[in-house]
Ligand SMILES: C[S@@+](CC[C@H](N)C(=O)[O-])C[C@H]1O[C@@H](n2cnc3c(N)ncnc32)[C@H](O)[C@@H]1O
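As a starting point, one isolated chain is supplied in structure tokens, in the form predicted alone.
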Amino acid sequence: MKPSPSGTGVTATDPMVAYYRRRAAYYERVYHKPERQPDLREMEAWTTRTFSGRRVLELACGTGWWTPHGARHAEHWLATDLNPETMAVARHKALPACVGFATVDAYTLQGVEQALAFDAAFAGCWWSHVPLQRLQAWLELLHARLPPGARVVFLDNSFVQTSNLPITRRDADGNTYQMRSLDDGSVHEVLKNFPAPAEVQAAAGPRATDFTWTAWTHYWAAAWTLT
């Protein structure tokens, strides 16, 4: 599930939820693009190293492409999403024994038990769908659920003109949008932002230390430690 630009949370009828529900069965085609394969192999190894020994809360796991890689050496991994269609794909993957699932709205985090004592949080290809005007407040909510020393990691797309759909408009808040077509012929406007490293670091806020930015050709990853 990817987030909605409106309201404090999302519902089953939200346009973005509906878009990803209808796309669930073939969402992972995007990871089959030939030009992205070198990046993906490096990133899969990177996520495995990053979360070794950690208790990880994964937000908006979608079809779970990153879940088996990130969780390979994790102590515990809770993959969450609000969309049952995408999460059903994730549940059918070959996953490490440490992986569990929960239905959670990433915007509110209701349903995430603080007693689980996560020491890391992760979201793959989700940051780019969060409206800029909601980003900082949402990060503060996420950080409040994590203890000092926790590692926060986001991974997402970089804009490459030959591999990404064009940006079709920019709104008053600076958010950018793409028009996407599904196999059923329907066309959907999707919020998709492509941040610079300084923008991500600024949004992370005062608790974020040890900020790192890793850039591949088609993707980026940002990580920081909470004070």
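Counting begins at 1, following the sequence as shown. Here the rigid core means the biggest group of C-alpha atoms that line up within 1.5 Å when the two forms are laid on top of each other. Because the structure is predicted, anything quoted here is derived from the model rather than measured.
The same protein has a further form, the form predicted in complex with the named molecule, not shown here; the description that follows concerns it.
- The closest non-hydrogen atom of residue 142 lies beyond 4.5 Å of the named molecule in the predicted complex.
- When contacts are judged by a 4.5 Å heavy atom cut-off, residue 177 does not count as touching the named molecule in the predicted complex.
- Under a 4.5 angstroms non-hydrogen atom cutoff, the named molecule in the predicted complex has residue 105 among its neighbouring residues.
- Interface residue remark: residue 57 is not counted as part of the site for the named molecule in the predicted complex, having no heavy atom within 4.5 Å.
- Checking 135, 152, 125, 90 for any heavy atom within 4.5 Å of the named molecule in the predicted complex turns up a single hit: 125.
- Remark: none of the three candidate residues (50, 77 and 120) comes within 4.5 Å of the named molecule in the predicted complex, counting heavy atoms only.
- Figure note: of the listed segments 164-172, 198-206, 39-47, 23-31, the one touching the named molecule in the predicted complex, with heavy atoms no more than 4.5 Å away, is 23-31.
- Residues 81, 82, 83, 86 are the members of 71-98 with a non-hydrogen atom no more than 4.5 angstroms from the named molecule in the predicted complex.
- With the core held fixed, residue 161 shows a CA shift of 2 Å or greater between the shown form and the other one.
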